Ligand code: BES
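What follows is one chain in structure tokens, specifically the form predicted alone.
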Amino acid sequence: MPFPLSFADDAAPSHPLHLVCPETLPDWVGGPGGEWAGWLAATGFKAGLGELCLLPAKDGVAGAIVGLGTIQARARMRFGVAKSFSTLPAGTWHLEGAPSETDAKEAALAWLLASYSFDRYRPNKAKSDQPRLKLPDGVESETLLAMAEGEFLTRDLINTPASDMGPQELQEAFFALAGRFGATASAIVGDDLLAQNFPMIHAVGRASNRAPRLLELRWGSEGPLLTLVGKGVCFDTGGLDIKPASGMLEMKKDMGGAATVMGLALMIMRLGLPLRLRVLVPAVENSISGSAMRPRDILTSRKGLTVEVNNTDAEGRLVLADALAYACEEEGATIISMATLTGAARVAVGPDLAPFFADDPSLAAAIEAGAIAGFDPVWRLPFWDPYEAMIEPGIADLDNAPSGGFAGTITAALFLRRFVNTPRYAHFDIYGHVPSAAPARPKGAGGQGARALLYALPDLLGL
């Protein structure tokens, strides 16, 4: 369906939405807001983060004032200004008085992201007649809209339960994305994976009656090559090393890496960036049946490396390994993998941060700068070479689940790096889930890292 959001036309009449900080509030009250000084004093408005006060007029509402809070408050709550937007009356609004272009951009992006709702299973609950926003000069509307639409696609895909988002349904969404932008898409399905040498993707997905597959998208004919690889485990029971019931409750999100690279691909294609894009998604369901892979099985990967399966619940790195080896068969690419890969990442940095790994200092610096520009926090962790021995079981080249419990996020990343032959590689271990509602981020699915990468691309690829 068409993306439901846009910014209001510049010619449309609108109410002002004044953005003020506690330190700028006295100047505003003593200047342009003087006629409401008594009203603000009576209502106790202090310009706290996300605090809203409607400004009365003789014939209704003259506008509104929204608090940006202190610098410390903004640092502690990203998109905090969005707390006020749901209480605005319908109509068209425009931003005034933002302390900086960055504050205006964050407010506008927060406005868009806060408009998301997942209504597939309750269409009568869909919101109508929402307020609309006009952008101030200097704020890049097309980039903001592309980021919001990409995030909405990611959220929709992750929020959809596995009953309606298995490998086939993910393929249909993947092909629809390609078709919209004139990209080419293909799929290798079922036993054809063996015939075309993707043995670990097949091994993970063969126990399900929903056939495993490798999805591929290509777009653009000129410019540097960017290859995105996203983990598409549409549901993860854990396999024969079965998860407890509580551990399966959020496993519809285990295709969050696929959903995130698809959202990023949408951003890139919508903006028409001058690059060649390749997207690879191994789409499987990790199920239990008589054909399931077993603990201590040894698999031979596409690259030829052998892998001892010491935990069937460490399946994501197996499907990514074959896809990464395939990605590296085309020279000259910058390769990014994204996956809901390890619980250890959440123990290390919690749900808000997306840890990433990169050996190339310039690549890492570009991602860190992009995270700031895109309001999309990330944190670099090391490919720590001394831990390489931890992923070598002795009986095979690699161990998919080293014992001991130490450095699980790092050892998983080191495992993936064994299948990559270029330093132009970064891996993101994302969560893909918002455990508690936050401003502009409702409880449920959430993208991570895509906006950081979008802003990093000019430096990453020399665009």
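Source: prediction; values computed, not measured. All residue numbers refer to positions in the sequence shown, first residue = 1.
There is also a form predicted together with the named molecule; it is not shown, and the following applies to it.
- The stretch from 271-279, 230-238, 71-79, 89-97 that comes within 4.5 Å of the named molecule in the predicted bound form, counting heavy atoms only, is 230-238.
- Contact with the named molecule in the predicted bound form, judged by any heavy atom within 4.5 Å, is made by just one of 106, 376, 254, 285: 254.
- This chain is drawn without the named molecule; in the predicted bound form, the residue among 343, 332, 382, 179 with a heavy atom within 4.5 Å of it is 343.
- The putative spot formed by 243, 317 and 401 is fully lined by the named molecule in the predicted bound form; each residue has a non-hydrogen atom within 4.5 angstroms of it.
- Contact check for residue 169: no non-hydrogen atom falls within 4.5 Å of the named molecule in the predicted bound form.
- Not displayed here, the named molecule is kept clear of residue 415 by more than 4.5 Å at the level of heavy atoms in the predicted bound form.
- Contact annotation: residue 115 falls outside 4.5 Å of the named molecule in the predicted bound form, judged by heavy atom distances.
- The shortest heavy atom separation between residue 313 and the named molecule in the predicted bound form is within 4.5 Å.
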